[in-house]
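Coming up, as structure tokens: structure 1 and structure 2, two forms of one and the same protein chain.
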Structure 1
Amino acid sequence: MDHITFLVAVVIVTALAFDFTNGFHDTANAMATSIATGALPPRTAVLISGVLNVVGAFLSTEVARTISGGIVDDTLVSPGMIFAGLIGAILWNLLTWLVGLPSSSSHALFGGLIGAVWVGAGSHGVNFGKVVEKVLVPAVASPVVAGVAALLATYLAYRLTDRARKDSVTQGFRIGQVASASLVSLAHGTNDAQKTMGVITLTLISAGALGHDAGPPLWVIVSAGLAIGLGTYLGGWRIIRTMGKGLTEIQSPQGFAAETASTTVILTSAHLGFALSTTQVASGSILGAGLGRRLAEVRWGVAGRMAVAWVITLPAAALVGGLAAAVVQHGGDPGTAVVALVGAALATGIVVVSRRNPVHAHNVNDAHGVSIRTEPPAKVGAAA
């Protein structure tokens, strides 16, 4: 194990930390509407989702061979840049969680890597054409498709069951929601856990600890699966509230329509090789389901803030990743340690601030807003 240098060890720990934030950031995608409609008790929902994420992690044998799918030039990427990129992604994930905004963990990871590679290897290391093709186009198209599908499905579901007994209808769709939400969780586990496995595996390969074309060792699969599962189980309650209650008041037929739309968009895209963000798909579906029911109130202010978060996720994570990369590159191991400590301190700070107005399993459905009372103290730019 003498191949495992200090830097490689730090990268592995950071990758697992990112995986963890990815899990709790994305619990909402699968479970927010089920929790909001009472189809599942909050604790049960996150438990099911966590377990299915772990199962999904073990099922995905085809671990990403590239870190970024060609968005950055993988041959130029050093473990230091991966580390810097991960720090950017983690801090952005935590900050958006603090304010209760669902944002894409994949975009945060891509953003962090783009910033780190840009600073570390120059702008030629970033493939901007691929950024448009793999990130921007799916980011615009997928929520629209999911939203339209959910809107139409919701409208038809209400038309069809218009004259039926309301309690049976509600109960029927609640049961349907459990199945559709579980599918989203499973799909999430197979997709997102393997991203972290890919990052760790490629780091080990670049450090010479694994041969070229080696698959992930068992401990990588186990730890990545557990990290995302544990994160999912702890649940990003702030984001769950925004998605389940903040955008619109969800009833069970809408929840079923939204989750079905998310599942089909995720599965058809994966089948045709599109990378997309589960978060954006799920938000689009919920918005569509809100519009599909007559008299349902859609809070456009919340939707607007979410859209802004989507737009700035990639550049913000890139900024932090770039700053961190600069310190790592010039500071060597001490620089890496400094970045890790500053990152950990900021993360702790964000968690402390969240305690002022905590959102948890017991109060997640009580309100539709997430407030922190005071200004968030975490200046992302200070991460390096």
Structure 2
Amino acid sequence: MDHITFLVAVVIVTALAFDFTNGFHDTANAMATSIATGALPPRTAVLISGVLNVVGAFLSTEVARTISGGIVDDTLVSPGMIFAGLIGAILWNLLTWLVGLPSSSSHALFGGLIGAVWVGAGSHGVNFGKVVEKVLVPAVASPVVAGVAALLATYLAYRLTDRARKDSVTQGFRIGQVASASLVSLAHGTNDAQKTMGVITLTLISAGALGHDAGPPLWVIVSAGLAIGLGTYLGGWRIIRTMGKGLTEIQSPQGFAAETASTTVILTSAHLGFALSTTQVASGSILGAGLGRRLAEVRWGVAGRMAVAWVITLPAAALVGGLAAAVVQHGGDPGTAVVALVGAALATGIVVVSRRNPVHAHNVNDAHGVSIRTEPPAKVGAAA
């Protein structure tokens, strides 16, 4: 434990804070459609999702190895760079959560790390070939594959049940959604908790506490799983509303098809070590499910805003991570403190603004979108 300096400890805590935001930011990926169709009560849904995210964290470490020894050169990375990258990722997560935009927590993390390492170690510190292979290609392919799979599954679901009683079909697919949404949660833990494991492992390697190309220790796996599970349980209700109601009106056969397609793509990619965005996969599946049902309305304006967010997430987080890394690199410990204080102040401000228009378990299905009030409401409820 001699290698665990104060800065390393701060980085580990910050990584777990990112993992927590990843949990509530991405709850919608697993449970938005089940909540929207009434297959699960909101609080029950996030509880199941939180528990299964923890379980999923123990199933694989391939994605963690991609991050700790893949997209950046771990011999050139310092804990200060990792800290700067995490600040960029956390702020982007909170900003997109505020406006209810399902952007990619994964790409926020990758962007923050790439920007920080590029500034701190130079362009040779980033393995751009691995970034293209393990991040960018899956980012383009995965939502398309998931969307096409969900479209075909939705079409078949309605064709096969065309002559059955509607209430029986709805009830049957709602039961199926409990299983399919649970599998998405398990897959999310398998994929996304590993990203924080990879960051903490990279930090320990850079500090000399672990050897080059080492995998995550057990305590890292446990802590990352618990952090993402707790964040998931708190529920990112703002993004759940957008995913469940904003893209299209989801019925239970569509929800089952979307969740099944998402699970298949996420688990396959986790096994192969592809650090894809579960948000993009889930969004692609929901869009595909919307297109697979005749006369279903797809809100292309919402889909377009999401697509723009997907494109700018990685460079935006990289910019913040790079700026933070410059302050840390040139300012030393005082610079690190400044970055931490500014990040904490911005995060607190975002949470305060969110409370002016709270979205919670009791009103998550009441509207299609999330708005931001400039003035606080007369009576404020619990926000999430």
Partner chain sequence: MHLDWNALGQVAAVSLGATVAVVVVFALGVLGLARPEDTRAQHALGLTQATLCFLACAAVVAYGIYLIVPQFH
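For residue numbers, the reference is structure 1: its sequence is counted from 1. Take the two forms, superpose them, and find the largest set of C-alpha atoms that agree within 1.5 Å; that set is the rigid core. Every value quoted in this text rests on a predicted model; they were computed, and no experiment measured them.
Each structure shows the same chain on its own, and structure 1 is the form predicted together with the partner chain. In this overlay on the rigid core, Ser223 has a C-alpha that sits 2 Å or more away from its partner position between the two structures.
For Leu204, a C-alpha deviation of 2 angstroms or more is recorded between the two structures after rigid-core alignment.
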